[in-house]
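This text opens with one protein chain seen in two forms, each one given by itself as structure tokens under the names structure 1 and structure 2.
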Structure 1
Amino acid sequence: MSRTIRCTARVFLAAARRDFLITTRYADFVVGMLVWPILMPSLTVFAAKALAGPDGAGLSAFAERTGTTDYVGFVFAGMVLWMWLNMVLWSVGGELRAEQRRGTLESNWMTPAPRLAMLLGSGLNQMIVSVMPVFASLAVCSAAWGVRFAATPLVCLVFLVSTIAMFGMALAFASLVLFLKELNAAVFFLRGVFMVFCGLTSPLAVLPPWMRAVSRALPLTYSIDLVRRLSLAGASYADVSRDFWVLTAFAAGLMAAGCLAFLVVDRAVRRNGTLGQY
């Protein structure tokens, strides 16, 4: 392994370790991470139970649209995946903003370390930390509702590809953070768009045609749909291959665009001198 690759890998892991240590030193954060992913999907599951009627008559209509009567698994898969990808999506920009506020950004960027590796290392920590609530949520779903998710290699691959797509978007957001500093409004807007358009708690078939067109332009739509079909409905690779490759194309394109945006903005903030401003 060449020295450059070793150095980059070390920076990547050092940044992940740094953030992991800092994260775990805030106890309330850990509690929040575990409780929220259990409470939030439960809300929708209870609403679904009520809407299905006392004898579950509404389930046949649900099955007709989704291909499964397991609405609990359907909702949990959508919500958990949304929350997990959200954490990854905001991780890089959020960490960059935290560095600006702490005053540590400049001391990091004065080193010869590759900045992309530092940023992606932060994202790696967030991804590792956010796996905890995913497992907690799935364990509760399994114990309380009896849902069984099939964790096949293909499902894991879909997770991986989805993560790459989200990291690409995360880098683009990080670039905006360097320029605009506060992005809360944009973050909430995009979070809302994903929530409504990606079929978190309902099948895409119930959306109006124009909304379905928008949802097809969002990678999270494919991630959620693929995980549901593969882990709940027992679909094979042949059944999902087209959507899988669309998601892969999204991941490649978004990662390339994110890296490019970051490199351009990195140079721009050195020119205009706004790096350390907050």
Structure 2
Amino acid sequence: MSRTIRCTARVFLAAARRDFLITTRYADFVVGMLVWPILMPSLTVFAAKALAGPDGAGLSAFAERTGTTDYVGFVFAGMVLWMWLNMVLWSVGGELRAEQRRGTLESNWMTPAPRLAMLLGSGLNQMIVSVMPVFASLAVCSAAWGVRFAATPLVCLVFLVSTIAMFGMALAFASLVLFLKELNAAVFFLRGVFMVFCGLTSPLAVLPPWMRAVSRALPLTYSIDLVRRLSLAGASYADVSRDFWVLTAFAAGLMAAGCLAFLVVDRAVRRNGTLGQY
């Protein structure tokens, strides 16, 4: 048993190291990952400033619905978390497709190494890479706009739980690649759903009741709302405990479902002999 665990850990770390070396070989990719999460939220902030009016008359209505007048931080929190999800789905969820393009998927998958450990190891590297733009974006927001996000232990725990939920979704998307051989349409659809329903740039209170019902079925809604309330509005654990445990349930369920989906699909494609099909 201990030997199996050691072998699995070696595969996990080897896959993470391999993908880290590949990622760092392309400087333009790293630069793009840092620039995009800074420019996109900034454009939304400029639009929000215009809608607030020259004297900020719209801020009172905004504060009534959100509990804060800091609409810059409000927008950045929503947009950055959405972009983080977007990057995770593309990178972790598309890892198997990248291996198909490199021509290494079939040869790696034919080895006796645990395939789930290989995918999780690659995902670890992609998650680390995707977190870097998040911190870069928040740093620029703080320096350029003067926004102060309260980085409490509870906020860090929310980020950790959100990471698990996003990773679980990405694993499910990675499984789709083995069947569909493509990921673009699924990612475009899902990120559009999250953009519309999760209140990225506006409070959920302004949405129609049916849209609010849909938003409560999406884990990103809870991640964004918890970060905003804890970091900007000064909420305590007692204020957010229910939503925090809902997000935790989402994370546990999505991670288990993602791993299960991958194992089922992996077994199916090996049985059908379609792993090498491009």
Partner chain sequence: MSVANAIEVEDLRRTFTRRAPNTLTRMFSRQRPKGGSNAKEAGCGDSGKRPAALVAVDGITFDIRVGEIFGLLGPNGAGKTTTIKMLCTLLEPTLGTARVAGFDIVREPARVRASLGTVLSGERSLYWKLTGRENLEYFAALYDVEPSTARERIRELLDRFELADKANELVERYSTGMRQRLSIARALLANPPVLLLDEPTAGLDPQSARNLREVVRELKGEGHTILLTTHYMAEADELSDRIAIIDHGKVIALDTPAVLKHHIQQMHSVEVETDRAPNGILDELRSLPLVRGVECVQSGNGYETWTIRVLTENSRQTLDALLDLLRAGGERVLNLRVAEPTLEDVFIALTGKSLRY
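Think of the rigid core as the biggest set of C-alphas that the two forms share within 1.5 Å after superposition. Sequence positions of structure 1, starting at 1, serve as the residue numbers. Just so you know, these numbers come straight off a predicted model, no measurement behind them.
Undergrad: Please match the form predicted alone to structure 1 or structure 2.
TA: That would be structure 2.
Undergrad: Any CA movement of 2 Å or more for residue 192 between structures 1 and 2, core superposed?
TA: No; that C-alpha moves by less than 2 Å between structures 1 and 2.
Undergrad: Would the C-alpha of residue 110 be classed as shifted by 2 Å or more between structures 1 and 2 after rigid-core alignment?
TA: It does shift by 2 Å or more.
Undergrad: For residue 9, is the CA shift between structures 1 and 2 at least 2 Å following rigid-core superposition?
TA: Superposed on the core, residue 9 moves its C-alpha 2 Å or more between structures 1 and 2.
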